[in-house]
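Before any questions on binding or motion, here is one chain by itself as C-alpha cells, the form predicted on its own.
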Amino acid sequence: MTDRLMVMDDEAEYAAFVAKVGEGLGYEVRTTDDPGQFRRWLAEWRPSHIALDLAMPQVDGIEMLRYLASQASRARILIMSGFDARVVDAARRLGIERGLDIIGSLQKPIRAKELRAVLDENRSGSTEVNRESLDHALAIGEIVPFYQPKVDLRSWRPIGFEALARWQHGQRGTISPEEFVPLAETSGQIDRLTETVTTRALVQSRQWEEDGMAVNLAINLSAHNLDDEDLADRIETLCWATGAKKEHITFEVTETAAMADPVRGLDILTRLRIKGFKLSIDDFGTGYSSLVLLRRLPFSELKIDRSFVCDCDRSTEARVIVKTMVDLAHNLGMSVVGEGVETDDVAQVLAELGCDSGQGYAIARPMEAQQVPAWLARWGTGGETHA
C-alpha cells in the first residue's frame, strides 16, 4: 500500500518542496490551497498523511484541524508554520486533544533533513498497525526498550537513562511509540505493554549493575496503568524476580495521567514511593493542575516539558518560565530535568538557570541496550559533542 500525502499550503514553493521530499520517500502526493478540494480529497482519495500550514488566506489550520476531528480522520498530521514555537506547539497540542494523530510540528523555514526525518519515520509501509499485529509483536518480543541518556548539566557526567518503548518490526523496522502506545491504550493492551517494557528494563538495569554501571533508570507509566490498584505490588514483584534495585528506578507520569483519577492516582503513586521507587512528573507545565499535583502527589523529580526548553536560549518568556519551574522544584526538594535539549546553547542556558540534568538529541538519541557501553566510553573521552 502506497502512503498518500496531502499538502495544504497556500505557498506554492513550500507545497512543491514538501511534495518533492514526500515523493522521494515513496509517497503519492497531492497539493492544494483550496479548502473545498481538501475536503473532497479527504473523503475520496483518503490520504494517509497530511502536511498542514497554519496560516492560509481562505481558512486557517486550526479550522482544518477542527474539521479533521469532526470527520474522525485517522491520517497522520504534520503541522507546518512560520509562527513562533508557542503558537505551533499550541496547535499541536490542540490537535492531540481533539484525538488527531499529530506526528510532529515544524517551523518555517523547514529544512529538507527535518522534513524527511518526520515523513520517513511515519511511513505506513505495507503493514498495518492494529490490535492483532501488536498482540503478535508482544508475543514474539518485538517490543523493546531503547535508552536515552540523561546527563548532569554541570559536570556532564551521565546520571541515568530513560527507557522508551520501540517496536522492532520485522518488515517496517523501528516503529515509534506515538503510533502504537495509543493503540495499546484503546485496545486494552497497555498493561501488557507496560509490563513487557518494565520487565526488560529491570533486567537490563540488573545487568548494567553487574557490569559495574549502576545507573538510574526511568520508566514511563500510562494513565491507563493507574487504573490498577495492584500496580505497585506487581512492579515490586518484578524487581524481586529480576534482581533490579528499586532505588535505581524512577517511574515517570504525565500530569494528565496523574489527574485522570486523582484519588486512585494518589493511592498508587504513594505506594510506589513507599516501596522505594522514585517518581517523576513528566511534561510539567503542559497540564491544567500542575501546582495542585506538586502539592498532592509525592514526586521526587520534575521534568520540564520540551515546549519550554527548546527555545529558552532565545526567548525571554521561556527562560523566565524555566527558571520559575527550577526554583519551585528545588524549594520543594525535587530534582529537575530539562527534556528536549536539542542544541548546546539550550543545554548551557539550562545549566545557568540551575536545572540539574538534561535529556535530548544534543546529548544522544535513544539507543539499543548494546549501544550504551560504547556511547558511555565515547562520552567519557570527549568523543561525543559536549555543550
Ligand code: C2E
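Small disclaimer: the values here were computed from a predicted structure and weren't measured. Quick note: we count residues from 1 along the sequence shown, nothing fancier.
Separately, the form predicted together with this ligand exists; it is not shown, and the next lines address it.
Review point. Among D311, D89, D283, E301, which has at least one heavy atom within 4.5 Å of this ligand in the model of the complex?
Key: Looking at D311, D89, D283, E301 one by one, just D283 meets the 4.5 Å heavy-atom criterion.
Review point. Which of these residues, Q204, S73, N220, S81, gets a heavy atom within 4.5 Å of this ligand in the model of the complex?
Key: Checking each option against this ligand in the model of the complex, the one that comes within 4.5 Å is N220.
Review point. Are F17, M64 and K108 jointly within 4.5 Å of this ligand in the model of the complex, each by at least one heavy atom?
Key: No, none of F17, M64 and K108 comes within 4.5 Å of this ligand in the model of the complex.
Exercise for review: Check whether L193 has any heavy atom within 4.5 Å of a heavy atom of this ligand in the model of the complex, and answer yes or no.
Suggested key: Yes, contact at 4.5 Å.
Review point. Do T242 and this ligand come within 4.5 Å of each other in the model of the complex, heavy atoms counted?
Key: T242: no, not in contact with this ligand in the model of the complex.
Practice item. Report whether the minimum heavy atom distance between V341 and this ligand in the model of the complex is within 4.5 Å. Key: Yes, V341 is a contact residue.
Check your understanding: Taking heavy atoms only, is S176 within 4.5 angstroms of this ligand in the model of the complex?
Key -> Yes, S176 lies within 4.5 Å of this ligand in the model of the complex.
Point to revise | Stretch in contact in the model of the complex with this ligand, which is absent here, among 291-299, 220-228, 115-123, 96-104 (heavy atoms within 4.5 Å) | key: Of the stretches listed, the one contacting the partner is 220-228.
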